[in-house]
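Next up: just one chain, as structure tokens, the form predicted alone.
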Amino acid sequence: MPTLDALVFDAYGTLYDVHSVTAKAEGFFPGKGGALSQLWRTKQLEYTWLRSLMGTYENFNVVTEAALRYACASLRLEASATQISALLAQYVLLDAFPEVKTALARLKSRHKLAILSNGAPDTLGALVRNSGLAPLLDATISVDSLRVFKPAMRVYQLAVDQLGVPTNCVGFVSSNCWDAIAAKTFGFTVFWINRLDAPVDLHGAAPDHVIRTLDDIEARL
């Protein structure tokens, strides 16, 4: 494996548990919180891909709200404006996975660290600050400047440009297999966090390393 000077992390699902919204959703809609969280996330991703393909970009906050409203309608949940706002507000309060802070602290001594995310700059920045990860990161990079979402190839170039590190010296970490495969296709060395023991998506390229948590990265470097 090449020497990696930088490690770039996806945010949602990789560093942050998007399903930590479930508790708030369950409080509003007893017995439906888990289903709402799952469908919300599924439609959120679907909407990013469709908007990229159609050339109708809106930032991630807009997409996230549209996906939430769809999920509520699909599950026949009559969500008030207050409830919608409260659920959206969770996106600056998502829980980091338990090992994230200590793993990043260890990796920081030898690597530049950055986030590369679909998230809107304001929401993503607030999340990073609220979770206490800001001091551990050299950059928090949003796709918003390009007005296209992952897995567009030019999104991954943002990390190369902002960190000033050659493509073959960047390690990319994502729990989303489609994101990991896109990053590998771009030319990064890729670590796929496979927390659910899922099969690898069949899109041609494959991740270089399949791991369970961020704690497993060091042993592969």
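Everything numeric here is computed off the predicted structure, so don't read it as measured data. Position 1 is the first residue in the sequence shown; the rest follow in order.
As for the form predicted together with a further copy of the same chain, it is not shown, yet the points below apply to it.
Undergrad: Name the stretch, out of 19-27, 5-13, 208-216, 195-203, where some heavy atom lies within 4.5 Å of a further copy of the same chain in the model of the complex.
TA: The contacting stretch is 195-203.
Undergrad: With heavy atoms only and a cut-off of 4.5 Å, decide whether residue 73 touches a further copy of the same chain in the model of the complex.
TA: Yes, residue 73 is a contact residue.
Undergrad: Hey, in the model of the complex, is residue 152 touching a further copy of the same chain, heavy atoms inside 4.5 Å?
TA: It does: once a further copy of the same chain is placed as it appears in the model of the complex, residue 152 has a heavy atom within 4.5 Å of it.
Undergrad: With the partner left out of view, is residue 36 within 4.5 angstroms of a further copy of the same chain in the model of the complex by any non-hydrogen atom?
TA: Judged by the heavy-atom cut-off of 4.5 Å, residue 36 is well away from a further copy of the same chain in the model of the complex.
Undergrad: Looking in the model of the complex, any heavy atom of residue 170 within 4.5 Å of a further copy of the same chain?
TA: No, residue 170 sits far enough from a further copy of the same chain in the model of the complex that none of its heavy atoms falls within 4.5 Å.
Undergrad: If you check in the model of the complex, do 46, 53 and 69 all have a non-hydrogen atom within 4.5 Å of a further copy of the same chain?
TA: Checked in the model of the complex: all three residues contact a further copy of the same chain.
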